[in-house]
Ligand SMILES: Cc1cc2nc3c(=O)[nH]c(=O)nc-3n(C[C@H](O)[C@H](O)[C@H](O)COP(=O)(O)OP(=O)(O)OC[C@H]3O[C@@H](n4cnc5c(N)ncnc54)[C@H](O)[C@@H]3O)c2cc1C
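The form predicted alone is given below as one chain in structure tokens.
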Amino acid sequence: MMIEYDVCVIGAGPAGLSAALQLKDCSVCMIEREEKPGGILKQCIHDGFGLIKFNAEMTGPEYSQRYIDELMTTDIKVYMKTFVSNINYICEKNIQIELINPEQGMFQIKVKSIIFATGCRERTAKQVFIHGERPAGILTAGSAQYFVNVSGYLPCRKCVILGSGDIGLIMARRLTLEGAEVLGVYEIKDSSSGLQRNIAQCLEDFNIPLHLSETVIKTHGDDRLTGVTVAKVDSEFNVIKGTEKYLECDGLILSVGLIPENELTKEMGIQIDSHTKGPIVDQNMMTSLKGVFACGNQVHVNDLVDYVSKSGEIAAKACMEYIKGNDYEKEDIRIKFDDSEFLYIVPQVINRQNENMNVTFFFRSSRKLRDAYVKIEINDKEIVNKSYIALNPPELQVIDIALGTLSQHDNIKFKINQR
């Protein structure tokens, strides 16, 4: 017998939890492949979470527990240790999802709408093409974080961190506090990929060197990592001969980027943005497939979990209107921008049929800029001109605007200029 719900939320991290709780008065279920809800926050024991959402400085587990405690007071059905094997979008408000878990085996549910909140995954050593064998001791930063913070194991005694993403910077500090020696953080680009505050608090405060325009070119060791070779690179990321240096270590921690988890959305034929690697969404977080929403880091990688939760709320509110029958035709206007100015802008499209035109835009600049200003134009008429002391690609920027009523031929364009 097929079980029926109004909405299925796939993923029980901060985006999924936030979305499901907004829909608690509907018939809603959550699908989560892990044993416990909370997503990546379960292993993020450092503080800095919740400053916007709860006006409090919290650890990751504290932040997620607020949602989990509220979840326990609702009738939301949560399927833990459950995997999605197939999604059949038959027609609007008729979606069949095939699931599998240890308790029920294979079973099916039928829903009117889906909210995807599957987060993102880390790039691995195979995806950055380092020469050498694959001995034990080569870990992604997230895996190392899980070993230390959840399992209670120290995965290495002396390590090198490749990539200066925020997780890598945080793990440089964490491993140092647990007694490991961090030889340095190596970044192939000429600037860090992490937030400036994490460079200061995680590296500078602990005298951990940051090596820019340097990378790991080879790993050494058979069963266990014994060392790595690092070298400087030029502006085209080519190795500069004569700069190679061998470093003895038993750990290589990779912080080389995150990829939104979108295998399921791709299988459904949902349009994917080549810039974010996530689904193209409108201001209501609806994808190109009507009645299917996406939120959180699955859409684009956020700096703050508070924004992840907010996107879940936006998706849930629009989903509520959709299942009630107060939906709208998909008539999207694509946001235009220059790739040389912006890495990406979300939402990528605006649906002109929706009456709520108060829109939150998220964007990243493509390069470092000082004394810059961002302009938003509709039909070549300037509606926003916001100045910034500095723009930096690792730092996500947010603009809230009221677009007003859009006519049939509206052209929305973002521009960046320097003063």
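Note that residue numbering begins at 1 and tracks the sequence as displayed. Quick caveat, the model's predicted, so the values are computed rather than measured.
The next section is about a form of this same protein that is not shown, the form predicted in complex with the ligand.
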Exercise. Taking Leu41, Asp47 and Val308 together, does each of them reach the ligand in the predicted complex with some heavy atom inside 4.5 Å?
Worked result: yes
Exercise. Is Ile170 a contact residue for the ligand in the predicted complex, using a 4.5 Å heavy atom cut-off?
Worked result: yes
Problem set entry | is_contact(Glu341, the ligand) in the predicted complex, heavy atom dist at most 4.5 Å | no
For this session: Would you check, heavy atoms only and a 4.5 Å threshold, whether Ile31 touches the ligand in the predicted complex?
Result: yes
Exercise. Would Asn284 sit within 4.5 Å of the ligand in the predicted complex, counting heavy atoms only?
Worked result: no
Problem set entry | Listed residue that, although the ligand is not shown, lies within 4.5 Å of it in the predicted complex (heavy atoms), from Thr219, Thr215, Ser192, Gln145 | Gln145
Exercise. Tell me, which of Asn297, Ser164, Gln348, Thr140 has a heavy atom within 4.5 angstroms of the ligand in the predicted complex?
Worked result: Asn297
Exercise. Taking the partner as it appears in the predicted complex, which of 151-159, 103-111, 297-305, 202-210 has residues with heavy atoms within 4.5 Å of the ligand?
Worked result: 297-305
Problem set entry | Sequence-ordered list of residues in 9-27 near the ligand in the predicted complex, where near means a heavy atom within 4.5 Å | Ile10, Gly11, Ala12, Gly13, Pro14, Ala15, Gly16
